[in-house]
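Just one chain is shown here, as structure tokens, and it is the form predicted alone.
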Amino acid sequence: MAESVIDPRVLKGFRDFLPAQEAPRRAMLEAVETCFRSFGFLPIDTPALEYAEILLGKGGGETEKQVYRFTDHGGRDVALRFDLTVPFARFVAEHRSDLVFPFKRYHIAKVWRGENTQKGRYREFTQCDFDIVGSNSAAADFEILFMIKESLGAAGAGETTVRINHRALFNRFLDGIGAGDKSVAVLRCVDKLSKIGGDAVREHLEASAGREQCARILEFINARDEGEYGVVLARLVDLCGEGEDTAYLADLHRYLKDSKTGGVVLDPSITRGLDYYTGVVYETFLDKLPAIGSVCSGGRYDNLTALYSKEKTGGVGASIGLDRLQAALEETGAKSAANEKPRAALACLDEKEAGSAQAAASVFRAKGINCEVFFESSKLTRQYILAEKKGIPWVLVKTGESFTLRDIRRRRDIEAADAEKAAGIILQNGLLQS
């Protein structure tokens, strides 16, 4: 009797990536990482699995319900990280003596949340985090804001709009109208504005804060309709009075003007659902596809490391949701701005020449051309078909020192006297794709 075969399948919300999907992902990651390094940010890594108390001590809210949590073989209460910020706070507290502050880090890795799946939202996904800890300056907040624009531009996102707010300002406003004790519920409700709509938010606010306070909260968040950043800020000062929070937002406004950075909107309806944010918060939307939601979010979290250390360390950062960004770019037809190298393949005329074939291919690789070596000798027509299936636009046929270059897309041959000239032809023609 034949043995049964296990049905090959993946869990809901998890995915495999074929080369056609993974290659552009990698190109985006390389472009983003290059941008991070250009600002002086350094890479770190942390475990995927942490003690549950490390992750859940400050996450709170809806996120806590989504954490993958279990007891391991040693009887320990553990959980998979749901973001990269909370593990980073533990990292800073544990390695404080090894770090130089202000410390600027980036971390690109997978995280897990057991949430409902939808377009651009999965249970396993990749985040690209960048943070500055050890500085309370508005200039640090601005660098994160500036990097959001720069890194998304490097990833090929096109025109973006960053919507910012200040959590402390919102909390001060709620205290002023006597709703400070309801701040957590109010902020979480307002955070769902784009998902459930204004009518549903009004209904929830009236239920939690009463009709009069609901009207005043709506007046606050609707100040975003005033338009330009400076006008909205003036309206918020009218509603709340001046304070450190409005002065902070004024500093950011000045930095934006001085750097000629556009596409940034002051929006008091932006709150971010996580409890650890204490200051400026960011959410970033693609101008071509705002409905897909924020592709890069973050903010300031002054008190986060206090959970693991008596020494407080202020921090500010943001995170690019790579999977949502890729889904959006695929839908809009945009391509990554990353520079891919030209591709070629060296045909196999004799399998015994594998050593010299790799040596020849190395010459092209050294000139910035990704060169694959075919292993098995067969008719050149079959090797051309193989290259076409793999999306390789050039096949090199070596005879002595000279090469015949098969242009797969145009079905033509070009002769080159040596590797130098052959490489020049490929580089001149750029990224020709079949």
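Treat the numbers as computed from the prediction; the structure is a model and nothing was measured. Note that the rigid core is defined as the largest set of C-alphas that superpose within 1.5 Å between two forms. When you see a residue number, it is the position in the sequence shown, counting from 1.
In what follows, reference is made to the form predicted in complex with a further copy of the same chain, a form of this protein that is not presented.
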Review point. Just one of 202, 110, 172, 288 has a heavy atom within 4.5 Å of a further copy of the same chain in the predicted bound form. Which one?
Key: 110
Practice item. Report the residue, out of 183, 213, 358, 222, that has at least one non-hydrogen atom within 4.5 angstroms of a further copy of the same chain in the predicted bound form. Key: 358
Check your understanding: Should the three residues 129, 332 and 410 be counted as contacting a further copy of the same chain in the predicted bound form, with contact defined as a heavy atom within 4.5 Å for each?
Key -> no
Review point. Looking at 186-194, 121-129, 289-297, 238-246, which one sits within 4.5 Å of a further copy of the same chain in the predicted bound form if you count heavy atoms only?
Key: 121-129
Exercise for review: Although a further copy of the same chain is absent from this view, report whether residue 37 comes within 4.5 Å of it in the predicted bound form, heavy atoms only.
Suggested key: yes
Exercise for review: Would you please decide whether residue 46 lies within 4.5 angstroms of a further copy of the same chain in the predicted bound form, comparing each non-hydrogen atom pair?
Suggested key: yes
Check your understanding: Any of the heavy atoms of residue 404 lying within 4.5 Å of a further copy of the same chain in the predicted bound form?
Key -> no
**Study point:** Any non-hydrogen atom of residue 229 within 4.5 angstroms of a further copy of the same chain in the predicted bound form
**Key:** no
Check your understanding: Heavy atom within 4.5 Å of a further copy of the same chain in the predicted bound form: which residues of 89-112 qualify?
Key -> 90, 91, 93, 94, 95, 98, 99, 100, 101, 102, 103, 104, 106, 108, 110, 112
Exercise for review: Indicate whether residue 72 shows a C-alpha shift of 2 Å or more between this form and the one not shown, with the rigid core used for the fit.
Suggested key: yes
